[in-house]
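Quick heads-up: it's one chain on its own, the form predicted alone, in structure tokens.
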Amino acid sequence: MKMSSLDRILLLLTGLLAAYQIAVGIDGLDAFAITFYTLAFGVLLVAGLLMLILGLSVLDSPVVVIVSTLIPLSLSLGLVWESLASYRTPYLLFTILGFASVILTRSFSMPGNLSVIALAIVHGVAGMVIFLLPIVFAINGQAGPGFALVGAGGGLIGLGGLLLSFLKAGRPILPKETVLKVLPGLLLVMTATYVAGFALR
């Protein structure tokens, strides 16, 4: 599918927003949490630039799928690290094992839909963490109301991950053309909600 000029503009804006978040950073956080957030936005920046330069067909590459998994894993790990000290080690283990499972299932031929199942579980859990934690913290006053926007971004990244997972499994929720058409806009809105949410925390 040929990328339109609008898609290229949306991906460029996504990259610029991710670069802005990396440059501005987030004040007053643990060094580990900042590292995880920076990694997430750095990968988002690179992924956006790759799609901009090489087109959406780059999503068919196993390497892109593997690297892109770092976005929800790093972002969710940053949220857990700064907010749920007692869950740091278990969630860090989940992140490591989840990323390793995606690497293994994408690097070697696996029976059935094992690679899709692994990807769906990793994206699903990380997406739910990103969706729920900011909203809960905004509601109970641990963060400003605007921090809930990060949760909205988590919902979008989860939706995008599931759409791509089912597409790869050969059981698309939406036609491939539709998924690829909405993806650049979805990435931009997701990145914008993250940047706004962290600014308003």
Partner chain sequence: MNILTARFRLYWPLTKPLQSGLLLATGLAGYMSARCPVFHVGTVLELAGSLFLAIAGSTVLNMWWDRDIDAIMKRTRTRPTSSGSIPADEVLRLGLILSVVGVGWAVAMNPLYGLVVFAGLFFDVVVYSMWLKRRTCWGILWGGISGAMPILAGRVLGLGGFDWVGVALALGVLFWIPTHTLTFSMKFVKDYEAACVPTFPSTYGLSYTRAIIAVSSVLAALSMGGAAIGIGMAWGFLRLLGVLSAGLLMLAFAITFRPSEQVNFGLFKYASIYMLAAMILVVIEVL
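Everything numeric here is computed off the predicted structure, so don't read it as measured data. Residue numbers count along the first chain shown, from 1.
Absent from the display: the form predicted in complex with the partner chain. The rest refers to it.
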| item | value |
| --- | --- |
| Which of 141 to 149, 48 to 56, 128 to 136, 155 to 163 sits within 4.5 Å of the partner chain in the model of the complex, heavy atom basis | 48 to 56 |
| 4.5 Å heavy atom contact, Ile22 and the partner chain in the model of the complex | yes |
| Val65 within 4.5 Å of the partner chain in the model of the complex, heavy atoms | no |
| Three-residue site Ile26, Ile34 and Gly42 fully in contact with the partner chain in the model of the complex at 4.5 Å by heavy atom | yes |
